[in-house]
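Form predicted on its own, single chain, as structure tokens, below.
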């Protein structure tokens, strides 16, 4: 059976289901071009989607892979993580092969976006499902007359069995900004990163893959174009203040995100920028 892309309803929202002959599956909502589910062959969900997530078509959806654009977090005057994750995107391409499914979704500036951010832009997110790999590529074009400045991220919520038992490898030696310590910049000196408290770090200029290990499974995480890696878990107290996260939900999620956060992207008129994150189930 060849790979397929099917238009579906997901909790009342229009979405697309990508499926391959090997058994890989993904669900992508048109709201925010947000990947909400990814199961590699074998059928184990690798993205966390909160059971309390809101699907009203206007609010951010807690989980999956929100697209943060044109602002990451609170690094600017817009609402946290920008407006792209709450707007409807359009399908611009659908391709399938013998064992891959590739979906392209697009967003352009509108009267609503220009009221918040007075700039012309075109953004596309390409989602590729192939065997045990999920690849997300974000491309930003500047069709305007002036340089465009923005920050961005693929805010990836990974599903973990127990976050305290997870191990993150590959960040040794890189400097990071620690939001839980008044944004102090520190150099990571440990062989592995273990989540034992609230964690909110932006690692700078990461130039090698990251590996998430848990028990008998691992996940390879690689970024191209995105210079930074964000690691976030709200832990007990912060989690209790997040209404769309269930009690204890923080124990089963861990965000490892490809980002352009430390330095805003400067995109000249008529040019394009891209960043890619690839997840490989091992």
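Numbering follows the first chain given and starts at 1. Being a predicted model, the structure only gives us computed values, none of them experimental.
Not pictured, yet referred to below: the form predicted together with 6-O-phosphono-beta-D-tagatofuranose (TA6).
Of the candidates 150, 203, 100, 157, 157 is the one whose heavy atoms come within 4.5 Å of 6-O-phosphono-beta-D-tagatofuranose (TA6) in the predicted bound form; the others do not.
Though 6-O-phosphono-beta-D-tagatofuranose (TA6) is absent from this view, in the predicted bound form it lies within 4.5 Å of a heavy atom of just one residue from 122, 179, 167, 133, which is 179. Within this chain, residue 230 lines the site of 6-O-phosphono-beta-D-tagatofuranose (TA6) in the predicted bound form, having a heavy atom no more than 4.5 Å away. Mapping the unseen interface onto this chain, residue 116 falls outside it, with no heavy atom inside 4.5 Å of 6-O-phosphono-beta-D-tagatofuranose (TA6) in the predicted bound form. Shown alone here, residue 73 lies within 4.5 Å of 6-O-phosphono-beta-D-tagatofuranose (TA6) in the predicted bound form, counting heavy atoms only.
Not displayed here, 6-O-phosphono-beta-D-tagatofuranose (TA6) is approached by residue 62 to within 4.5 Å at the level of heavy atoms in the predicted bound form. Judged by heavy atoms within 4.5 Å of 6-O-phosphono-beta-D-tagatofuranose (TA6) in the predicted bound form, the contact stretch among the candidates 78 to 86, 102 to 110, 142 to 150, 184 to 192 is 78 to 86.
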